[in-house]
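Single chain ahead, by itself, as structure tokens, in the form predicted on its own.
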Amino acid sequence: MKTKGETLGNDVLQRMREDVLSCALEPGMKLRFETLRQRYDVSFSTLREALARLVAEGLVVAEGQRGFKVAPVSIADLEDLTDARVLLERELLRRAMINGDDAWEANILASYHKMDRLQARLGEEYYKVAEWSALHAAFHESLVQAGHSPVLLEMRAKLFDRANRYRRMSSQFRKKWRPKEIEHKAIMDATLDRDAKALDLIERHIRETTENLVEFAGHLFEDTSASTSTAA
């Protein structure tokens, strides 16, 4: 049973993580303890624990005696993150298609249905809604859940969360509508058919976000590592 302090610490961690992923705390932003304490209404020790967790996840950077800042975004980080995600996603999906059973298939179908129905109700602004983001993450996790490697699955989950900042940025700068529902169904169908083309489809799905950002918003990344803004 969690203590009150553990529950509060976990709540603050979740709130801070979401603020980083949504860019409410902007890439490169200095994280001052006093302003964070006012923002989240918690003690310095609770904040320090949450920040340490976010450093471990690669979402926050520790600057020695100078404190902390939100991890900056860059083309190099995006491309490296993308390559790492592709390697893990392909391997886990390959394993899942070998080991997956009826329960695995049923979970994929259920996860897709929930995500697809909500997306249809929300329309073109679906990606701005936290509930859809959660269902989207659950669908992608369902595809690889039968990969039977807790270590690889944990690594994959952390990289998926790190990539969320870039996904949200990509949505803001997209020049044309991306038919994600078609992509997701194609990936699902190929996976359930145990068709090897599912591996190429998931890779294309991941890399498209990177290509969109590099093409249309790459210039915005140049100064994030030198940002002097502070948490407000």
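Note that the structure is a prediction, hence the values are computed from the model and not measured. In case it trips you up, residue 1 is the first one in the sequence shown, and so on.
What comes next is about the form predicted in complex with the DNA, which does not appear here.
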Legend entry - Which of 180 to 188, 194 to 202, 161 to 169, 44 to 52 sits within 4.5 Å of the DNA in the predicted bound form, heavy atom basis: 44 to 52
Inset, instruction - Could you confirm whether residue 31 comes within 4.5 Å of the DNA in the predicted bound form, counting heavy atoms only? - result: yes
Inset, instruction - Answer with yes or no whether residue 39 is in contact with the DNA in the predicted bound form, where contact means some heavy atom within 4.5 Å. - result: no
Legend entry - Contacts with the DNA in the predicted bound form - residues in 45 to 80 whose heavy atoms fall within 4.5 Å: 45, 46, 48, 64, 65, 66, 67, 68
